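A single chain comes next, written as structure tokens; it is the form predicted alone.
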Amino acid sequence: MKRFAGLMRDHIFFFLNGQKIQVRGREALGMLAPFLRRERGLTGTKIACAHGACGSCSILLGRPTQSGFNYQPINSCIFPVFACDGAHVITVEGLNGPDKVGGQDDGVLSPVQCAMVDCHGAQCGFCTPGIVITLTAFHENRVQSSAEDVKAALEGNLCRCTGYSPIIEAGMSVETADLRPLTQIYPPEPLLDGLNAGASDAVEIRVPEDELEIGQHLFVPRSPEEAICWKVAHPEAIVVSGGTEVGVAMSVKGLAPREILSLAHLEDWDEVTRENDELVLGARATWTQVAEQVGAIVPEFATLLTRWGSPQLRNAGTVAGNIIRAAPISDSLPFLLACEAELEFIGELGARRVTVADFLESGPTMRPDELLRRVLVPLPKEGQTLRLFKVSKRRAFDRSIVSAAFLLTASDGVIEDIKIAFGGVAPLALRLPQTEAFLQGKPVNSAIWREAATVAYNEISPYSDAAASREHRTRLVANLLRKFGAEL
């Protein structure tokens, strides 16, 4: 492999409850939750589902900012250790400061922990550490909150004892004035100083094959040029940003990728901006970042994102991961298809743009040397109506059964143009061009949407799985068409 001009580390480093640690070798390539429990003795972080579906393993990940750290809860059971490089990780043992990490039996509790005890919210106690982590992040820099706010924050934390009432009561009863901000418990200046040394280095970790496990190779570049160069030399490498997809395979299925390219340190790849009449989403932007920025730009999309995974998953999962995998139930793809968004790839030959529709139709595939750089979404124009739907068994934190996007242009009660996209009704998300053509020029009335459903049946190929039957998905397509028409 080409040697880069910059410095290279053979380890990752980060702060853990205020203590700087280095991790080398195979330990750096595993999941964070077992690393915390087995290698660091921090058993307050629980492992239950092992695929990011319950929140028992929640920890606080502090990413450096210009003013300190932005602490967010993430699922450590599917978060790679190497993704902690250059960050500050706080576990439940460290919520009361670095001097309390080894003494959780000394009776000193944070206000959040006290509220859980006083309101009898602990119950069996297995999920409690993750809930405490989530509520701590929720109350950080928050003056007041409602019960709905607390419920939304806890959507990624499963209580198996079904005792949500006392947990919500605990969240509501926390006196924020009594909370010590994390910036007081862990002053950011010394942590940032400790992270600055080596912060500009690329990371390359090679793990030799042994009698039990295969050899592995990790590269964390600091520039797009380094990333492309490495991708050219390792075309089969798994590309990781948030890691919520590959993390599940590594945690549950035992996947051990031979080659991993992490994009975690590519600066400016996490932008969420409006440029003229386009929404620009950086490939590395998390869905939390997107939701925070698009509310004033595309409020309909921002509303949908509140139902995308859980807070812990949105804090880690990225734009690129949700698109490149092209899952039929991807919540973003119907929106991107209806808006005729483009994907910008960069590679050895430079940059190129491909529409999302063409990307899906071609496989989806991209060149071995390419990486997804950003997504460019034409914004709905004045007078257009955008509606997004997601049907799932639960309102929050559940996979889609069927999702849909409608972008309508109408004048004087007549449909001038309409774009319709569905997810969950075929092997890939897709537009319905025949249904669109049928509707164009038709009057906007309830009967026309029922007729459109019969056209749509010929364009979809629903499947049956554990979530829903083929027949149920077919009926949902008709119902969503009628719902959209009824709500105009």
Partner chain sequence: MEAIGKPLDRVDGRLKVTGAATYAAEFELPNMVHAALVQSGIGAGRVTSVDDSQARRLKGVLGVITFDNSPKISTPASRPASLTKPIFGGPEIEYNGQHIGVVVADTLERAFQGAEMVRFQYAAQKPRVELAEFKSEAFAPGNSRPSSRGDLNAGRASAAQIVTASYDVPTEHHNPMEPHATIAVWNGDALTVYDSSQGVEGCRRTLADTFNIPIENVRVICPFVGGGFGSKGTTWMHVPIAALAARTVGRPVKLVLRRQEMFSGHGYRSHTIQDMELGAQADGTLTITRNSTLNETSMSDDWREDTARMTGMMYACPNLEATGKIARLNKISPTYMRAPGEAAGSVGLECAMDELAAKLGMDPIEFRLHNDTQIDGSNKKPFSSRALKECLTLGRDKFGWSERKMEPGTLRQGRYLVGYGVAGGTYPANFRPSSARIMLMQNGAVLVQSSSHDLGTGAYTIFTQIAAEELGVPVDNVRVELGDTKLPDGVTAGGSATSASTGSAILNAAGELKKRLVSLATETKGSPLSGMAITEVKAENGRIFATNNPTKNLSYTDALKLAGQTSVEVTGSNGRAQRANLSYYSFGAQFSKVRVDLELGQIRVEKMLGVFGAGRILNAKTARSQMLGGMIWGIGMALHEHTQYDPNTARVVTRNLADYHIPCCADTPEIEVEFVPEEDTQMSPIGAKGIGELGIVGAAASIANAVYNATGKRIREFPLTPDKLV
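Residue numbers count along the first chain shown, from 1. As the structure is a computational prediction, the values presented were derived from the model and not from experiment.
The protein also exists as the form predicted in complex with its partner chain; that form is not presented, and the subsequent description refers to it.
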For the three residues R37, C161 and E169, verify that every one has a non-hydrogen atom within 4.5 Å of its partner chain in the model of the complex; reply yes or no.
yes
Is K151 close enough to touch its partner chain in the model of the complex, meaning at least one heavy atom pair within 4.5 Å?
yes
Using heavy atoms and a 4.5 Å limit, would one call T43 a contact residue for its partner chain in the model of the complex?
yes
So, in the model of the complex, is R63 in contact with its partner chain at a 4.5 angstroms heavy atom limit?
no
May I ask you to state whether Q123 is within 4.5 Å of its partner chain in the model of the complex, using heavy atom distances?
yes
What is the one choice in R395, R353, R180, R325 with a heavy atom within 4.5 Å of its partner chain in the model of the complex?
R395
Single option in S330, T288, Q72, T128 placed near its partner chain in the model of the complex, where near means a heavy atom within 4.5 Å:
T128
Choose from 51-59, 442-450, 416-424, 455-463 the stretch whose residues reach within 4.5 Å of its partner chain in the model of the complex, heavy atoms counted.
51-59
If you apply a 4.5 angstroms heavy atom cut-off, which residues in 74-92 are near its partner chain in the model of the complex?
V92
